[in-house]
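This document opens with one chain alone, in structure tokens, the form predicted on its own.
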Amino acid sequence: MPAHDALQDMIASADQSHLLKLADRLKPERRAALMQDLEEADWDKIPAWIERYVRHKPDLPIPTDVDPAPYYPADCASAVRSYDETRFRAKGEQLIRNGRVAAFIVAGGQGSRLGFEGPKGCFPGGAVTGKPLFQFFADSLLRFRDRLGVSVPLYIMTSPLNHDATVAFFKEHKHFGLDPADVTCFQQGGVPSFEMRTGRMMLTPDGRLASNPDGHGGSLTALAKSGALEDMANRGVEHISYIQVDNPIARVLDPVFLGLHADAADSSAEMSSKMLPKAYPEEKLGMFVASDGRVSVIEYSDLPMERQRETTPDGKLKFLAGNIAMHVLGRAFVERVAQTAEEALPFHRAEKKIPCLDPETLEPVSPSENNGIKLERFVFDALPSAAQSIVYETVRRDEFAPIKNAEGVDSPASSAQIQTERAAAWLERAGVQIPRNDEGKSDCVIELSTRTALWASDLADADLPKKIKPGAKVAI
């Protein structure tokens, strides 16, 4: 299958003619697949990417004069900053009830780091039931449907690796009770992988164009390219609640957060973020900072550690607000950022070991050292594009139990422990006796469904046991 003249010209202009020579040496089926990849590549952008990110190591500008970003504390009566939580909750619930809010889950990852075959959203994250991560969020939306009488549309960004499996999983589970018409899955974009030394585009061991997903920042362009933003506009959606799939207790919708985003005096209703207070200076969380009147995120590796260790007069960390990838974005804002993505969402360069096809022998290569460049975008890079941006604190135990690693920190075991401690604290407030060991930790395992409670106050009228026995495993 020879390349047509226009494609040949684009490939040659990008100095990637080696791809056509390699294609000529492949067997017909593999050649056809590679030519399809080449047809779909962004040839108008690739030369600039190579020059900017591969031939050079770009120094992304880090503000030199930064202050901690102001934030709204989780406690609305805090001396740090008080606010009318009741008013903002009512505003957020009104937006949900009026169909102005969509839920958005970034779920392009595989469960390989967990030793799990399949999309990460299918991983059994329930501390007791082992229910999949996707079901946590579906149950949350069903709870809002029960409370507010409205079906909130759910958008899920997949990747080419897991899209078909994700769609099949939702069909198999009858969309977990959601209306299939309100569940939209779409794929994120990909970026070619480049040889580190030469800037040449690489082939996978099976002869396809080597590429990688374009990162969570690519979610904003994918929303536009997939037609999801147009669908939201047709539905009347104005605000997008953004979370990542690996955190089972993340609130897929938070009325107070939505209300602050849409109605706080210092918010532009363009992009808002949740933060978690850093537990210690070295914790590997990017930090929300303010510079020149704009909020942005500085990665923990980019701010000097002596600055990260700075404290306030009362002994708290000065740069306290850690980024946990929970946002609300205005739909119109996403539309604007997607149109200017090359500047608003610059790529970040990562040197990686990339299995590939040897261009001389056509034999598969598993490199022992970094041989290639992968590019990805970060969603928080959109923050400086917002005219004003607010940050809202959440409580670690109540909303942060990620599952990323097979063992240790951010593992299924650590998530189950956090799920249990959150449920135990909420149940004790509702009068349930919880067994505790000598260290004060729960001597049981508890999974509290989001169909039962999204907040501790939801348990006031729930049918609950009087006590939980030591060593019990209980799902409520």
Ligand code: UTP
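Throughout, we count residues from 1 along the sequence that is shown. In this text the structure is predicted, and so the values were computed from the model without any measurement.
The same protein has a further form, the form predicted in complex with this ligand, not shown here; the description that follows concerns it.
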| item | value |
| --- | --- |
| Close approach of E399 to this ligand in the predicted bound form, 4.5 Å, heavy atom | no |
| 4.5 Å heavy atom contact, H175 to this ligand in the predicted bound form | no |
| In the predicted bound form, M271 touching this ligand (heavy atom, 4.5 Å) | no |
| Interface membership of D139, this ligand in the predicted bound form, 4.5 Å heavy atom rule | no |
| Heavy atom within 4.5 Å of this ligand in the predicted bound form - the one residue of M326, V289, V183, A107 that qualifies | A107 |
| One residue of Q244, S193, T221, T166 in contact with this ligand, assessed in the predicted bound form (non-hydrogen atom, 4.5 angstroms) | Q244 |
| Partner-proximal stretch of 281-289, 110-118, 299-307, 75-83 relative to this ligand in the predicted bound form, 4.5 angstroms, heavy atom | 110-118 |
| Neighbours of this ligand in the predicted bound form among 208-237 [non-hydrogen atom within 4.5 angstroms] | P213, D214, G215, H216 |
